[in-house]
Every structure is written in C-alpha cells, then in structure tokens.
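Read the single chain below, which is given as structure tokens and is the form predicted on its own.
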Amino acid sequence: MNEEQKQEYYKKYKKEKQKGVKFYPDIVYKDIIVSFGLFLLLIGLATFVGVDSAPKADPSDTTYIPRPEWYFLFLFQMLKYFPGQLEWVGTAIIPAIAVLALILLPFFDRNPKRFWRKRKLAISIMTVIVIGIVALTVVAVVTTPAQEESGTLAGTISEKIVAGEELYGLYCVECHGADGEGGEIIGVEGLEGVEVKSISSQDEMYTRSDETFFNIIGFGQGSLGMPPFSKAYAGELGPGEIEAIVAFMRYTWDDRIEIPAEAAQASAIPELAPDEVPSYEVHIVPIVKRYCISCHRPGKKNGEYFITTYDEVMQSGDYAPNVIPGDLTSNLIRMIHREEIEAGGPMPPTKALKPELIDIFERWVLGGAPNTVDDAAAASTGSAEPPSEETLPTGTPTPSP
C-alpha cells in the first residue's frame, strides 16, 4: 500500500468514524453474542463442576468460619487488615474510593484516542484495581482455613437419609418409636404415660412440609412436652443434622416418594443364611441403633446399661452380665421376650421387636455372641473354640459345657 492509498484509507476511516456505531442493532447484537457465551459457560460449569457441597452455615456454632462467595472474597480478605474499630475503613471507605475512581475515570482521562496503548491513565488505574482484587482473592483462598463440619452434614440424599436414621434412633425413638408409630411413652422422665400420636402416618406425611418438620424438631413443642433440639435453642443438633432427620422421615414414611436404593440397602438389617451365625458388628449394631440406643446411652434412666460398644452390651449396667454366650436365659434375651425381671422390664418398652429380629439376637447368643465378622464366620463353620474367660469381656461367666 503506497502513501496515496494510505491517505485515501485514512479519509474513509475518519468519515466512517464520524458516523459512529449505532446502538441498535450493532451494539445490541454484540451484547447478545457475549451474553449467550456467558450463558453457555454457566451451563457448562453447572453441569460438569456443580455446586459446592459444603455444609450450611450454623449460627449456633462458634467455630464456624464465615466465608462469602468467591466474588466477595477480596472484600473478605481486606477486613483482616482493618480489625476492630477500623472495620469501616475496609468495608466502606476504600471500596467507595475505588468505585468513585472508576466513575470519575472518564473525567480524568479525556484522551480522544481509542487504542488502548494511547489510554495509559485509564488502563493503569483499571490494571491496579484488577490486580488488587485478584491478589486479595487469591490470598483469601490460600490463607482461610477449611471449615470443619460441626453439627452440619453435607453429601448425597442417600448419605443424609442414612445419617438421619442414626440421629433419629439416638434422639427420637424413645418417645416416637422406631417406626414413628407413637403410643404411650414409658421410661422417659417427665413424660411417663403420655400418649404420642404417630408421626409416620399419611396424615402427618401428606400435610406437613419438610420446613414444618424442621421447625418442630428445632424449636420443639413445649406445650406437648417435646424439647427443642436445635443448638440455636440450647439443643444438641445443628441445622444439617435436623435436615438429615427430616430426610430420613420423608423418604422412609412418605409412600409418595421412593427411597434411593443405596440408602435402603445401607439401612437394611442384613438377612441371615440358614446356618449363619450373626455377628455384633454386622447384625446387632443396626438393630441396637434403630431400637435401643435412644434410651440406653448416658444421661438416660436405664440402670447404667449402655449399648454403644460390644463390651457395654455384654457387661455394662447394674445387673451385668447382660449376655452370656450360649445362654438364652441371659437378661437381654429375657427382656426382649417382654419378661419383667429384676434387671428391667420389656425391651423396647413400647413395642415388641419383630420376630425376625429376636431370632437374630437368639442365634447370636447361641453362636457364642461373636463380635466381628471373622468370629461369626468361624462359629458358622464350627471351627470356633468355646468362648473362654480370656476372650470374653471381664466378668462374663463362661457357658456350661
């Protein structure tokens, strides 16, 4: 291109520049293209990256570390440099100055040139602001410790259901029953003899939302004798734990919803083969968690009979031993058969265990009350030696030959 052609091109350029660019359709079209690209980017992030499954904030947890969304992390980090009475400087003054600088930038830089290299002042100010935001964001990500879960739960719906079943067994069964059947409360101080309605019926499941169940568990129902369980009201549970209980109730008792196969399998009590000997860790623990531990834990009226470990099931309490391997007249077996004995009354107090569960307990005791799967497998094949004083919890009498 010679000098004459350059001058001709420059004249045409200046002429077109004087006309400007129409907002519609030119600028609008470009904005639509960029917006659509951002929309596709968000769809891709939601599909392939997903939402962070971090636990929810718990206002009752003093160990909770506040952390805003990523686009506010630079302000979050700035607060660390202006502690105490200087917070207002980092939260209001400095951000206001930065925003004001951007607003007034066209008045500071009145350069008519459009090429970025000709706009040194504007580019310099914007570069400093962007670098500051990026640097503060990176520092916030690197230096802020991870939040430890405390009273909160995160994960798949199946994990929440399984966790909710354990929590329900721990805090709710003694009044509402293992299956939410309700009935007369027995053995609970202050509520002895109170009749509790079923919470697993269609009347409850169909007419109460998850939010309603959450509020009832969290705040309690004082006029009905139900205490609050939320930490926000001096209870023991965080919001995630209450949500897990609600998830267990909804997916277990609402016949309009199908429980995920993974959760159903995890919460199911394993079936026994005809000649199989149950083990404590596989067969007894699920039954204990679902039907027994709500009453038999510290702080409850239970004759000091705790059942959170194998040794406790065998030996704790005022009337130990509770289980004598090979002996179906053991205290535990007699009580689950609804007998009234010195060690205690029928267990569970409000409703008898299903026959198949009683059968598991009996076969476990007759098999030598094995603790682990390996112990039970050895007993099933007949290769296990009779339990001796060395292998049993301290104080357990050996069965008669």
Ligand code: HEC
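Residue numbers run from 1 along the displayed sequence. Quick caveat: nothing in here was measured; it's all calculated off a predicted structure.
Keep in mind the form predicted in complex with this ligand is missing from the figure; the text below concerns it.
Asks: Give a yes/no on whether residue 292 approaches this ligand to within 4.5 Å in the model of the complex, heavy atoms considered.
Replies: Yes - in the model of the complex, heavy atoms of residue 292 and this ligand come within 4.5 Å of each other.
Asks: Is there a heavy atom of residue 360 lying 4.5 Å or less from a heavy atom of this ligand in the model of the complex?
Replies: Residue 360: no, not in contact with this ligand in the model of the complex.
Asks: Considering non-hydrogen atoms and a 4.5 Å limit, does this ligand approach residue 95 in the model of the complex?
Replies: Contact check for residue 95: no, nothing within 4.5 Å of this ligand in the model of the complex.
Asks: Considering non-hydrogen atoms and a 4.5 Å limit, does this ligand approach residue 197 in the model of the complex?
Replies: It does: once this ligand is placed as it appears in the model of the complex, residue 197 has a heavy atom within 4.5 Å of it.
Asks: Thinking of this ligand in the model of the complex, which stretch from 179-187, 259-267, 272-280, 73-81 has heavy atoms inside 4.5 Å of it?
Replies: In short, 179-187.
Asks: With this ligand left out of view, which of 104, 142, 131, 224 would have a heavy atom within 4.5 Å of it in the model of the complex?
Replies: By the 4.5 Å criterion, the partner-contacting residue is 224.
Asks: With the partner left out here, which residues of 302-329 have a non-hydrogen atom within 4.5 Å of this ligand in the model of the complex?
Replies: Contacting residues: 302, 303, 305, 307, 317, 318, 319, 320, 322.
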